[in-house]
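Here we start with a single chain on its own, the form predicted on its own, put down as structure tokens.
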Amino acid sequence: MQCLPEELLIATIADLLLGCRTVAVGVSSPIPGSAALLARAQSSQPLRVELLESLHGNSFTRGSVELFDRAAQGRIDAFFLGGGQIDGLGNINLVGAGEYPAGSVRWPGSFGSSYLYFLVPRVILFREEHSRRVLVPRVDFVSAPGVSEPGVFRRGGPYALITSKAAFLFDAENCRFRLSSIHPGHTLEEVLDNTGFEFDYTAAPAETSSPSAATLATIRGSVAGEIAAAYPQFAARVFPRHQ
């Protein structure tokens, strides 16, 4: 059964959430949110999903304040971060492009990204655009560092990076990304040409597995229905026949 690019990303991210007990998803994150819902539907153990974008899809009574509290208590296993820029050390930039503070482009700001990056064990970086504009040799501004100096306490950090072209896992020991798989329709040459930082890879990388018919049925059924409550425009575009 043929799947849409968004459905491939949803299934790929859901696989990275195996073993989690609580997954939190920030605002403006329909694909990670859908992935978390899919992981919950497929999990053999209880999995709590907190969708900050949804009025009814999370149990937080104080919004991001409660998110930060739970992260500090070790009660959030996975979270998602993105950025206008991401580099090979897992640093992310949410402030702007160019030399700060007189940059040419401004983005929403760092908010609590660095705090969560240090505390959540499994931070998945997600950005659909896979280009040298986004995946840079070094971010112009470090909103949240991917690695820390020896002796700095942190239990969190980059776990994986998912884009529209490929999936990477982060090697914390060597502070480098490793190409895990390339999405169908893309090539190693294309990934290399569009990535500004160096990463490890094999001569014949694996192809990202397409979701099974059963997984697609879940995505287009219960997941589509649940995510529509928080992201109606996304659901109407990706799942128009299932609304």
Partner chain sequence: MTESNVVDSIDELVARIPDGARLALPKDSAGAPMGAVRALIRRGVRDLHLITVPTSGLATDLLVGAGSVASVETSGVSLGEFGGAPRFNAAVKQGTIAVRDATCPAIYAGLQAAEKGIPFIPLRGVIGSDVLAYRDDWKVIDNPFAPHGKDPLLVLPAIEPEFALFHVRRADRFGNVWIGVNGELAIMAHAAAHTLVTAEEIVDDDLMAEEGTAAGTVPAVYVTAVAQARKGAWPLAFLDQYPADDRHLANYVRAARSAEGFDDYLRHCTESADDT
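Residue numbers count along the first chain shown, from 1. The shown structure was predicted, so the numbers you read here are calculated from the model rather than taken from an experiment.
Another form, the form predicted in complex with the partner chain, is not on view; read the next lines as being about it.
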| query | finding |
| --- | --- |
| Contact flag, residue 81 vs the partner chain in the predicted bound form, heavy atom cut 4.5 Å | no |
| Contact label in the predicted bound form: residue 55 to the partner chain, heavy atom within 4.5 Å | yes |
| 4.5 Å heavy atom contact, residue 174 to the partner chain in the predicted bound form | no |
| Touches the partner chain in the predicted bound form: residue 164 (any heavy atom, 4.5 Å) | no |
| Interface stretch in the predicted bound form with the partner chain - options 124 to 132, 147 to 155, 82 to 90, 165 to 173, non-hydrogen atom within 4.5 Å | 147 to 155 |
| Triplet 46, 63 and 109 all within 4.5 Å of the partner chain in the predicted bound form via a heavy atom | yes |
| Within 4.5 Å of the partner chain in the predicted bound form: residues from 62 to 99 (heavy atom criterion) | 62, 63, 64, 65, 66, 68, 69, 70, 72, 73, 75, 95 |
